[in-house]
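In structure tokens, the next block holds one chain alone, the form predicted alone.
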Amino acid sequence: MDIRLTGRVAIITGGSKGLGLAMAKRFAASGADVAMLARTQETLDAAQAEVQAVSAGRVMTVACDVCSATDIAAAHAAVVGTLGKVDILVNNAGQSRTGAFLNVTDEVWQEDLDLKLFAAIRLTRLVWPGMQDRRWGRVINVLNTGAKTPRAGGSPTVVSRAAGLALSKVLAGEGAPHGILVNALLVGLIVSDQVRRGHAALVAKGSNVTLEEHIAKTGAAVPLGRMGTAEEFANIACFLASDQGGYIAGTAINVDGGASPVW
């Protein structure tokens, strides 16, 4: 299937590394104009060079702290000012942050909710009217499988992600009559920067396990027998963002190699 996004404009938050970068490259290679948002301009510059190398369209970056409503508004204005519109929004910013409930402070709760929930709320609210006017839009909320199966010790991330799942369903019902399709992709064990940081932490504690061994050992518990790749995740996002995914709305797709105990 030749999936094309020609003529579409996409914003991807957390776009400079990992899943965000993989999606930016996949969208750009499929013809979309892509705007990548992340906090650090240096990492954005490196990411832009990677995406531009495979791009069939325009590529831009905006340094933006999505925890800040002011930053989000400025970033949206910059993207629309340069690329003209936003057809596709991927709310991808955020990394896992977990701990025992009694150890999670109000400050940590607020930071996590700002990053993983309110960022999606604020940015979706900005792109929504344009999508509604054009009667075409895609919003993809990147969550994790803990949104469906929150575990003890998973706060605050699993709570923020569960709220994102509810938000996705609400938006799907409101958007569908206007041609705006909202879905969620739930991350399982994917080789990403977070996995690399986890391995680095083990090495710092004295482990002599290589990154490849760590990835293989961690992935062995997945029914497919391995961890997924960022590119595999990006392929699914690209399909949902395309016209070929035009009858999919209000779904939460596990991208986890069959690891989740629930659909």
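Residue indices: 1-based, along the sequence shown. None of these values were measured; they are calculated from a predicted model.
The same protein also exists as the form predicted together with a small molecule; that form is not shown, yet it is the one meant from here on.
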| query | finding |
| --- | --- |
| Contact segment among 175 to 183, 189 to 197, 100 to 108, 82 to 90, judged by heavy atoms lying within 4.5 Å of the small molecule in the predicted bound form | 189 to 197 |
| Non-hydrogen atom within 4.5 angstroms of the small molecule in the predicted bound form for each of G15, C67 and N144 | yes |
| Listed residue (T229, S207, Q52, T40) with a non-hydrogen atom within 4.5 angstroms of the small molecule in the predicted bound form | T40 |
| V159, L167, L115, V127 - the one with a heavy atom within 4.5 Å of the small molecule in the predicted bound form | L115 |
| Contact of G154 with the small molecule in the predicted bound form (heavy atom, 4.5 Å) | no |
| Distance check, A241 to the small molecule in the predicted bound form, heavy atom within 4.5 Å | no |
| Close approach of L19 to the small molecule in the predicted bound form, 4.5 Å, heavy atom | yes |
| Non-hydrogen atom contact T149 with the small molecule in the predicted bound form at 4.5 angstroms | no |
